[in-house]
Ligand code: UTP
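What follows is a single chain, given as structure tokens, in the form predicted alone.
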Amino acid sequence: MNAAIEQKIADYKQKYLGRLVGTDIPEKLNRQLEEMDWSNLDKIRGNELKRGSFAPLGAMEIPEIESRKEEFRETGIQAIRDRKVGAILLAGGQGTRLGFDKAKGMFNIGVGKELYIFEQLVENLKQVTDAAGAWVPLYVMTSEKNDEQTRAFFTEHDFFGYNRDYVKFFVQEMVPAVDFSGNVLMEAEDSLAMSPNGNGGWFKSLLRAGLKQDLAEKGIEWLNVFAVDNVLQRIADPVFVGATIQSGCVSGAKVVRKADPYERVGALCLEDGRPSIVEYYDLTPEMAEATDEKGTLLYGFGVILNYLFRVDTLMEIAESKLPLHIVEKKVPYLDENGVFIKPSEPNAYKFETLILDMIYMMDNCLSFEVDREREFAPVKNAAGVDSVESARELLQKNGVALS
């Protein structure tokens, strides 16, 4: 261990790392300590993020979209044919809440046959590429925990019929977890307790993987970012792409009408006059229930994690620091004697950046309404709301054969 790291350990009074001072440590652990942003430890004191003044933001609603659908589609299809559109699949998560210990995208959503989440998402994208007669470059963000198995899974299934030359993988950046007193946790003798840095880290992780040159060589001007757990996700949707381009906005967000004022989704809004997203837990009852003269919820358009960003704008903000969200989690660790502890209650902070904060860094954002029964089938739980069973029901309703 070098002297600079030993000094950091002393300065921050690290009780779990203290026993390693003066010893030779494994290369992996040494690298993690050298790359660690120690300033995160200063942020756990008074960690409440200060938000601005919120105001409602309407949306381009379905009737208007339908009336201009062919016009938008033509613009979007041309952008795809001109190779200006790429897609980013955020697939770093595990299927833990589904009782599945592998990458969530490997989960079989089928009933009488195999239909994997990855497979369904690729099929959704192929509907667009078939119509356009051109491949959309697909970048798959994995995590350290599932990168190898995800790559192998795509290879094993021949990329689900997608052109493998247009698929690239990159690994999400990881950050160490700390206990409530600010002590960095170790999960093994050769590793800190690392966790993904949140979905807001996708663009920096992509650049870190050296894919900036790939974007430039391909001439990609727009990136459609979407989450792995929505099996009805429409990817590189030409109508959405075309509407965003025609609007002159530098970003776009697909939204659905909230099922009720307190639905657990973020609501697209304005914050200090800029596009933003207010999370459901930040909505006051007055905001959640506020309506206009027609009785429509003012904060009634929920985001579904399907965004479109101009690449040049992303490059401009790439060096900006996103707000750090600090969340409490249960994190197994080695205590100061090197004994492995598996906590039954939350014991640690994890540091995350969120994609919703990237919206706030944009000058404008097209709020684009979609039909939730056609485009919103999240797979977050094993049963109940936003579950495997509810997603299967919606897939069948949209004509997808599960058996």
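For every residue, the number given is its place in the sequence shown, counted from 1. These numbers were taken from a predicted model, which means no experiment stands behind them. Here the rigid core means the biggest group of C-alpha atoms that line up within 1.5 Å when the two forms are laid on top of each other.
Same protein, other form: the form predicted together with uridine 5'-triphosphate (UTP), not shown, and the subject of what follows.
Contact annotation: residue 96 falls within 4.5 Å of uridine 5'-triphosphate (UTP) in the model of the complex, judged by heavy atom distances. By the criterion of a heavy atom within 4.5 Å, residue 237 is excluded from the residues contacting uridine 5'-triphosphate (UTP) in the model of the complex. Although the partner is absent here, residue 92 sits close enough that one of its heavy atoms falls within 4.5 Å of uridine 5'-triphosphate (UTP) in the model of the complex. Contact between residue 275 and uridine 5'-triphosphate (UTP) in the model of the complex is not found at the 4.5 Å heavy atom cutoff.
Of the candidate stretches 245-253, 223-231, 77-85, 262-270, only 223-231 has residues with heavy atoms within 4.5 Å of uridine 5'-triphosphate (UTP) in the model of the complex.
Of the candidates 141, 241, 186, 125, 141 is the one whose heavy atoms come within 4.5 Å of uridine 5'-triphosphate (UTP) in the model of the complex; the others do not.
Though uridine 5'-triphosphate (UTP) is absent from this view, in the model of the complex it lies within 4.5 Å of a heavy atom of just one residue from 129, 306, 205, 197, which is 197.
Contact annotation for 360-380: a single residue, 380, has a non-hydrogen atom within 4.5 angstroms of uridine 5'-triphosphate (UTP) in the model of the complex. Core-superposed comparison between this form and the one not shown: the C-alpha position of residue 99 differs by no less than 2 Å.
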